[in-house]
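Heads up, the chain below is alone and in the form predicted on its own; it's given as structure tokens.
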């Protein structure tokens, strides 16, 4: 499946739609090649991290799909004349994956968060099959965690450890994972569990969901949004004209 891409700070990401992303996942699950596909989302904060973090940037280059999540990535792509079609984000994607009836394993968040997300998703989407859920505090026990995941035999593994940790972890262990698709999803499980409410729909339509997130967690997110967003735009203006464009 050929994809149209944009490139910002050396990071290539899809400019396609949510249906195209879902089609890619569906096709990956249907394939009988035993390959685990690595997918990721990037937003302005991720691109700021990748701007300086060479290792993170290299790992994103290894991913089979990187999707544009949020207004920052969209602004940068538009400036480079490779505009994105959709805001392809995990919070909107998860209900669609659940309705498709996939076997999903949830990994990440604080203790209890993934389990609560599993309960809520199962109650809301009876079609989904949550085959496992556990928190992301497993340092030094990677082998045990991977064994549990593989025994559960999920089609999709959602890893919510935060960027860039989750992408680095996925890249390190990709060859050991027996699922069909693994996706780095950041704080998605916090939303799915109800621990953090999502912004009202009108704010999402206006593409100002980040302001609601800042209101919810001002101390934690001040640097990311109040400092990070202007820095991101400045970097796009300074370096965007020299970034290679791909189609």
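Residue numbers count along the first chain shown, from 1. Everything numeric here is computed off the predicted structure, so don't read it as measured data.
We do not show the form predicted in complex with ligand UDP, though everything after this point is about it.
Three-residue candidate spot 160, 163 and 186; every residue lies within 4.5 angstroms of ligand UDP in the predicted bound form by at least one non-hydrogen atom. Residue-level contacts in the predicted bound form: of 154, 109, 72, 90, one residue has a heavy atom within 4.5 Å of ligand UDP, and it is 109. For the candidate set 205, 52, 220, 30, a heavy atom within 4.5 Å of ligand UDP in the predicted bound form is found for exactly one residue, namely 220. From the list 60 to 68, 32 to 40, 212 to 220, 174 to 182, the contact stretch for ligand UDP in the predicted bound form under a 4.5 Å heavy atom rule is 212 to 220. Residue 132 falls outside the set of residues with a heavy atom inside 4.5 Å of ligand UDP in the predicted bound form.
Shown alone here, residue 224 lies within 4.5 Å of ligand UDP in the predicted bound form, counting heavy atoms only.
Contacts to ligand UDP in the predicted bound form (heavy atom within 4.5 Å) from stretch 115 to 150: 136, 137.
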